[in-house]
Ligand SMILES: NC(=O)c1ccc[n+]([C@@H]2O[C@H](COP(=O)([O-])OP(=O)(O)OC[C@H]3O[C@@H](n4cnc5c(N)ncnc54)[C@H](O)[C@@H]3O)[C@@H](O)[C@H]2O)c1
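Take a look at this single chain, the form predicted alone, given in structure tokens.
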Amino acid sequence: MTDALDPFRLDGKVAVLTGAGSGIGKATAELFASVGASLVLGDINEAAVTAAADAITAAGGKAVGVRCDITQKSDNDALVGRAVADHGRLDVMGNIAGVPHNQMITDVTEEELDRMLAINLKGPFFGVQAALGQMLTQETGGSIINVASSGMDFAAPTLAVYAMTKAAVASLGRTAAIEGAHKRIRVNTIAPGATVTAFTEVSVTDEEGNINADALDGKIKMLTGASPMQMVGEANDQANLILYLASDASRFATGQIWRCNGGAPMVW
């Protein structure tokens, strides 16, 4: 008898995930491993991604951690290349790595703009490019999931650079979905709402790396209040959505933007 959850499993599938050393990327890696995927994990923090992969392996999963600077095309190509070298193909690509940004438009320097475009836009582009290049040579289709943000859905002071990079990522996903459709390659974008990860701590952390606990608590309360559900998300909320999009359960879904955000943009 077929189990209703079988379509959500990733047994025998090979997945590459960026940003897997922490937050949503790490939660996704752990979830993918628990449902049978073989993983190649990338993160600019080599120690963190190696530790994440080692923990998965120790728990009986299959994962390897690789340092990856997503702003470099060669690093994205190498990450996909590692998956193909180790497992012979690529079934899932999760372009999860990214960084937050809060600065008024008039205060943004050209250097800072270039940094954000490199990480939040060029990085996912290079990831999509590398994944499509491999998947188009296969006969088994594939799934690419990009991470944008609900920040692209509303106007708020200091979010200009962040929001525009994430809106561009969503546009990239729609075009890639068209370019890969003839080979059954699906491309979708998730746009997370307020999700408590290291992202949340950035604006309340001083130059020495110390987190202001009161400020963090206040920020979480503010984000909670912005949701009609009066809650904030956790990394696993986004990982569960990414799993759906990576799995055969979503085989007829492509070119879409999926919002797991507690309904927050509805009231902005």
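For every residue, the number given is its place in the sequence shown, counted from 1. All figures in this text were calculated on a predicted structure; none of them were measured in a lab.
Just so it is clear, the following notes concern the form predicted together with the ligand, a form of the same protein that is not shown.
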Thinking of 24, 69 and 193 as the candidate spot, does the ligand come within 4.5 Å of a heavy atom on all of them in the model of the complex? yes
Does the ligand come within 4.5 Å of any heavy atom of residue 96 in the model of the complex? yes
Any chance residue 166 has a heavy atom within 4.5 Å of the ligand in the model of the complex? yes
Would residue 147 sit within 4.5 Å of the ligand in the model of the complex, counting heavy atoms only? yes
So, in the model of the complex, is residue 126 in contact with the ligand at a 4.5 angstroms heavy atom limit? no
Choose one stretch from 96 to 104, 128 to 136, 80 to 88, 177 to 185: the one whose residues place a heavy atom within 4.5 angstroms of the ligand in the model of the complex. 96 to 104
The one option of 241, 31, 220, 44 with any heavy atom within 4.5 Å of the ligand in the model of the complex is 44
Does any residue in 224 to 238 get within 4.5 Å of the ligand in the model of the complex, counting heavy atoms only, and if so which ones? none
